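Only one chain is shown below, in structure tokens, and it's the form predicted alone.
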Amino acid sequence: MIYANDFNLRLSIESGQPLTFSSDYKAVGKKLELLTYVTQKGRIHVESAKNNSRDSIINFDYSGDYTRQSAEREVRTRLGLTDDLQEIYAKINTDQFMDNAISALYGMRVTHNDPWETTLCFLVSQFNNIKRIRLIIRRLINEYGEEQKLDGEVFHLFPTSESLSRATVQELMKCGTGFRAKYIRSVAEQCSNNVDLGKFYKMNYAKAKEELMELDGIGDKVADCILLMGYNKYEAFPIDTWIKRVVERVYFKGRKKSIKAIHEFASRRWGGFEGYAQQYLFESGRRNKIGKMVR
């Protein structure tokens, strides 16, 4: 059992993060939420029960290559429970819009995901919507993830870069990846042969982003998504069309700003926790229909 202070599972899952793309989530009434997801090691099932309006009690079970201790570590890490949310709020609550966003979205955390899982999810996410991203990721899991059997039930683990590197572009396209197939195939091959994804943990944000963007299909926004949710580099501030509109309308009275200018603004305003600020800006903007956003 895990006591999770300042935590809202639904908000964390529904805010366009990798677990949104590869998990099964449902709410049972108003107080119980269920989450099941697979990794490259096994399957994790989480039950989050509301303890009060801001805290939860989490129970979990697991299968595959986990011990009770390693599964608990996986849950704590994956759901961002190791973050000091009060400290983060103190850093990013710089204005009335953000104050309102924090109040409305209290307990939403940035999830901490496996770097390869994060990379694959955001390669698939390009010029895509959540419904279709989920469909593609599920197909990739079922087609290329290692098969597991538990009590007569069959499921598949999250596919490794090696398994996807053995697929052809045409085979990947059958999973609905479209133009993204060539990038998935290329990055999977690179990660299997000569790119150690673990090295980005040791680099500073700027250097890691520069090297990530050398991989096929990874531009500014995707690199920041990977660094934020795969490496916990909170300096990352993913900018797509929608977050650009939010920042321009909320902080620049609708005046157009370049991607570079927005990065510089975010760094000055929320330095060190830009990524957390981005999640609250985006979700608040979506809910308030700033820019008619759909994710």
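Keep in mind that this is a model prediction, so the values were computed, not measured. Residue positions are given as counts along the sequence shown, with the first one as 1.
Although it is not shown, the form predicted in complex with the DNA is what the next lines describe.
Site residues S22, G64 and G107 are none of them in contact with the DNA in the predicted complex, judged by any heavy atom within 4.5 Å.
Checked against the DNA in the predicted complex, the candidates T118, S161, N128, T111 yield a single residue with a heavy atom inside 4.5 Å, and that residue is N128. For the candidate set R132, K91, R138, H156, a heavy atom within 4.5 Å of the DNA in the predicted complex is found for exactly one residue, namely R132. Here the chain stands by itself, but in the predicted complex one stretch of 144 to 152, 70 to 78, 197 to 205, 174 to 182, 174 to 182, has heavy atoms within 4.5 Å of the DNA. In the predicted complex, the DNA sits within 4.5 Å of a heavy atom of P238.
Residue contact check for E189: none of its heavy atoms lie within 4.5 Å of the DNA in the predicted complex.
Looking at F282, you'd find a heavy atom of it within 4.5 angstroms of the DNA in the predicted complex. Proximity of S258 to the DNA in the predicted complex: non-hydrogen atoms within 4.5 Å are present.
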